[in-house]
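Single chain ahead, written as structure tokens, the form predicted alone.
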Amino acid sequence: MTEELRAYGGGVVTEPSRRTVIVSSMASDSHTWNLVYLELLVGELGFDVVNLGACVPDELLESECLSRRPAMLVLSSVNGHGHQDGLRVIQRLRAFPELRTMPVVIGGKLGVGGALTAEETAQLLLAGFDAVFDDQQGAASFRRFAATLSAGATQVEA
């Protein structure tokens, strides 16, 4: 029994676990600075982060989500093709029964002509995204969304 567990009288100690969030770009986007920023932000929110990097093929996104079962998938776009790529990717992910309830969000520069229209945002949500964060929004709305995810816990037997 460790010293820490003795302090709790040798009983069952519940310690919070850090759940994993996957951060990624999509196949057409080679930008990485946004992913570094997101990795730091999500880490500050108390999650472990797996950063898949830039130009991630759809098949790699699928296999990583299936094997890791993350608390959330965060897709980021800077090249302006996020709306188009996001529609394709979310349909592929939601086709897997195991991934139908996984929270998936998309953000960044999602259109080449500026901010998305309300109709384009609605398309992404209807396709299966849980939230859409346009690059005009600050990080506060993303932080509020992430805070709604349960922290989870593991039990350590003393």
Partner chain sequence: MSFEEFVARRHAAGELVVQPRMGFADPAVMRAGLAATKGAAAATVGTVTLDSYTRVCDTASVAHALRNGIALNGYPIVNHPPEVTRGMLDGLEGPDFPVQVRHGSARPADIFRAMIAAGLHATEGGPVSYCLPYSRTPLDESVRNWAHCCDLLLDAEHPAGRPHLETFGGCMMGQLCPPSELVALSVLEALFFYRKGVRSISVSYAQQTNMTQDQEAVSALRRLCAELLPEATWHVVIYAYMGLFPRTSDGARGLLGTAAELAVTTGSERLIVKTTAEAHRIPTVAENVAALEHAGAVARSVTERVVVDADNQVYREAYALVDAVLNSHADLGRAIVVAFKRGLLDVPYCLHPDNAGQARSYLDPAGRLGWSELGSLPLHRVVESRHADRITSSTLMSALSHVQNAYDAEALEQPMRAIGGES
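This one's a predicted model, so the numbers in the text were calculated from it and none came from an experiment. Positions refer to the first chain, counted from 1.
The same protein has a further form, the form predicted together with the partner chain, not shown here; the description that follows concerns it.
- Three-residue candidate spot L41, H81 and V112; every residue lies within 4.5 angstroms of the partner chain in the model of the complex by at least one non-hydrogen atom.
- Taking L116, M102, L52, V49 one by one, only a single residue has any non-hydrogen atom within 4.5 Å of the partner chain in the model of the complex, and it is L52.
- Only one of L35, A131, C65, I90 lies close to the partner chain in the model of the complex, with a heavy atom inside 4.5 Å, and it is L35.
- In summary, the region of this chain contacting the partner chain in the model of the complex, judged by heavy atoms within 4.5 Å and restricted to 92 to 100, 123 to 131, 66 to 74, 41 to 49, corresponds to 41 to 49.
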